[in-house]
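Heads up, the chain below is alone and in the form predicted on its own; it's given as structure tokens.
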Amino acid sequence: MKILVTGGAGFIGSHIIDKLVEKHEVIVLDNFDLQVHKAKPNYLNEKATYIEGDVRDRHVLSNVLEGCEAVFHEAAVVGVGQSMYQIHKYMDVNTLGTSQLLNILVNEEHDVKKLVVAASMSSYGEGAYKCGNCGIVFPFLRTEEQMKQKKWELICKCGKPLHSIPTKENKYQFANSVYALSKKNQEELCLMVGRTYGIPTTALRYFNVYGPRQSLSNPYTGIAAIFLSRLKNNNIPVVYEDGLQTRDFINVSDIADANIFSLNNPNTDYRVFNVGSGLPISIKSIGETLAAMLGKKIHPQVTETFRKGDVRHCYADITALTSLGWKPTISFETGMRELITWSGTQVADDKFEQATQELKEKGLVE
């Protein structure tokens, strides 16, 4: 089978390609964004064919789609905070780039029989919670007034404290950043067009992905890579709020496996799936774990400040995908050790302070 992977030179896409090339002919379209790549990465798989180009370029995209029977749409600009002041760029690349792909699939001859799109847990906003009085609830974001009072946990409308529970795919999506909205657009556009025109489509909502090849010099990437970059430069990882906010960390190899699983399983057609570990881990503990594994006596700095739009807790209910036969296989500790081993061969430019200053100038950090 001939397969196109957009954004295939990136962190997640490259791992998908490594698994695909053993059985398929793989074409990669990537623009090699300088914020992610200082130069063309040395991990590019020689068994794949790489085309440098942009998903917004209809001519280029139409050419690379020729003869392809499946598409993994991974191309996207990533960064929650940055998206709030580079609004046009994020919507242009993520939303309009996706619309360009779908426009070709609708209006030109093609052989595509499967589309897998990278969606995001960020589209949920806050995760799911349970109240002793009201049962399961889906709260909106905490108010700035509450955050300024350093009351970090969520309170139900009835006044009782809320307790986080796994988030299912049927939870209402309350996108709280331009990035989140653009990823929601990607997901909904692909599923809508796929259903209408009979192109089997699967949307995978990635939770917090970490692992080898994640840029250590991009301050808008995942928290594990940001903390690791700080520590490699003997700088203190900075933690917002009280550090006890939780996320679901999933290894990139498990993400790649979920993509391959979706390609080969028709039971995933026209559906949305969470792809996570199903386990909540505090942000503070990420910094502590990385420092301990690196043998550095550096403790995260808990600032008790906050970023506008941040959620408190969100972790995945992965029952829908595991019930079909997929499951994560790499433990958090094993994955973090793998990340650290890989980082030993990488240069990490710590640009956290620069990125934080930009967020402050845009009024996004209190």
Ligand SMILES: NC(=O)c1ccc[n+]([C@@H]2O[C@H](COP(=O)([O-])OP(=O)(O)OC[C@H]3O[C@@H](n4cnc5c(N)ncnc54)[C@H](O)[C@@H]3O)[C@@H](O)[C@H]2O)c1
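No experiment lies behind these values; they were computed from the predicted model shown. Just count from 1 along the sequence shown to find any residue number.
Not on display, but discussed next: the form predicted together with the ligand.
Shown without its partner, this chain lists A203, L101, V71, V209 as candidates; in the predicted complex, only V209 has a non-hydrogen atom within 4.5 angstroms of the ligand.
For the options I286, A119, C190, L228, the residue carrying a heavy atom within 4.5 angstroms of the ligand in the predicted complex is A119. Heavy atoms of Y124 never reach within 4.5 Å of the ligand in the predicted complex, leaving it off the interface. Under a 4.5 angstroms non-hydrogen atom cutoff, the ligand in the predicted complex has I12 among its neighbouring residues. Proximity of Q214 to the ligand in the predicted complex: non-hydrogen atoms within 4.5 Å are present. Shown alone here, F332 lies farther than 4.5 Å from the ligand in the predicted complex, counting heavy atoms only. With the partner omitted here, the stretch from 177 to 185, 156 to 164, 107 to 115, 288 to 296 that lies within 4.5 Å of the ligand by heavy atoms in the predicted complex is 177 to 185.
Every residue of the trio D33, V36 and A76 has some heavy atom no more than 4.5 Å from the ligand in the predicted complex.
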